[in-house]
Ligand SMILES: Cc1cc2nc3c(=O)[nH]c(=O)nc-3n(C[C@H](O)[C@H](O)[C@H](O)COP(=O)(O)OP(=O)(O)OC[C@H]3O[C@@H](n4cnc5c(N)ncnc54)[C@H](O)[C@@H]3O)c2cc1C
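There is one chain below, alone, in structure tokens, taken in the form predicted on its own.
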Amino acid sequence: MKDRYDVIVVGAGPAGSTAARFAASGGASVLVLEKDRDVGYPVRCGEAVSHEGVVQFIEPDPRWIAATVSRFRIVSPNGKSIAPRLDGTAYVLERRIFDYELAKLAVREGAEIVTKAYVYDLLRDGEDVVGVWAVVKDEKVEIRSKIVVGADGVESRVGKWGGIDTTTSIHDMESCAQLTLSGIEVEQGILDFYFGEHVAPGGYVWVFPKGKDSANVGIGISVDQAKEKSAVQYLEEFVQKKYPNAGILTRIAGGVPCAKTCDKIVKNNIVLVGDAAHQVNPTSGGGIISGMIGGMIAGQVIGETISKSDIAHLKEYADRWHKRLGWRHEVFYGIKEAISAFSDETLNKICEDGLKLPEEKRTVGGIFRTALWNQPSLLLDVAKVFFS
């Protein structure tokens, strides 16, 4: 490790590694600092991604694909279900292996990665940020750089140190928990989503298969709802009822920012990507692919910025992000707000109405349009998302 780079990326998750990869391929010298001792650990998500999303960045590999799925099923509060078609294929990942491979791609482009490297502040020269302070191998070090990328997760400290408001309002923060279960019967090739006031008020429970007898079973509810009863309690009750004899292999819990993208994702020479920039899909809570897209755009702009020797060019990142995905996330935020307010009666009716649709119209877009029929102001926005 040197003491000076063009770019320092704080965090080696999918967004951080992808930002590092594209910045390095653009000619920048890049250092990635990861606070944990292993890239990809601990895993903090449901691990589901679309084939179309993945192949933008890496060829699918059975080593990091735990399951391939082509359908998803919505289970309403009364127990009825509908299984609309997925437009394509999705995967449930083995994130520990997947994240390793993303990091390797960054290294192949010339980026350096150091684990067990804890960044505790920005390095300043007067008002200017000129790098980071970090603890590496139990030693405090200063590492200089022209640009610092915050890929350090929810409510990014890098962003806050750099003067960017990364706070998520309680209303937009989802309280999430997940168990990886083994020794259970789980249908292959399908992702299950359970809705209802007694299951996951204002959110949903997911069951994502990971082999013939294993699955990620998780929950996401608003922090407002979790004040009355925690996400962990709801999840444990669901598992006890549906999978009473399951073996529990892992437990995770945390917050997911189901909000619009941060008002600022660039300030001076500070850039935010992934969860740090609130690049999570507000409706689904999924952030792997959208974070990687954010990382790719940021990395490309960073490479151009270093080549031009013009820090002001970094502002292009925010514009490109909004044009690519940011505007869609604003629409998804409106959809989330509408769906989270649905009563059990409304959810039951949506499922029943969906079952009346002809088979060829039982698609993701078709179900959303049915769900939002009583929210006509959002229908045009939904159409824009699914048909543009």
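For every residue, the number given is its place in the sequence shown, counted from 1. Since this is a predicted model, take the numbers as computed values, not measurements.
The following text describes the form predicted together with this ligand, which does not appear among the structures shown.
Comparing 71-79, 287-295, 231-239, 308-316 against this ligand in the predicted complex, the single stretch with non-hydrogen atoms within 4.5 angstroms of it is 287-295. Proximity of A12 to this ligand in the predicted complex: non-hydrogen atoms within 4.5 Å are present. Taking the partner from the other structure, this ligand in the predicted complex has a heavy atom within 4.5 Å of a heavy atom of G254.
Shown alone here, L122 lies farther than 4.5 Å from this ligand in the predicted complex, counting heavy atoms only. Interface membership of V149, defined by any non-hydrogen atom within 4.5 Å of this ligand in the predicted complex, is ruled out. The putative spot formed by V207, Y243 and R362 is not touched by this ligand in the predicted complex; no residue has a non-hydrogen atom within 4.5 angstroms of it. This chain lacks the partner; the member of A200, A117, V186, I190 within 4.5 angstroms of this ligand in the predicted complex by a non-hydrogen atom is A117. With the partner omitted from this view, the residue of E101, E155, D224, D213 that lies near this ligand in the predicted complex is E155 [heavy atom within 4.5 Å].
Taking this ligand as positioned in the predicted complex, none of the residues of 60-79 brings a heavy atom within 4.5 Å of it.
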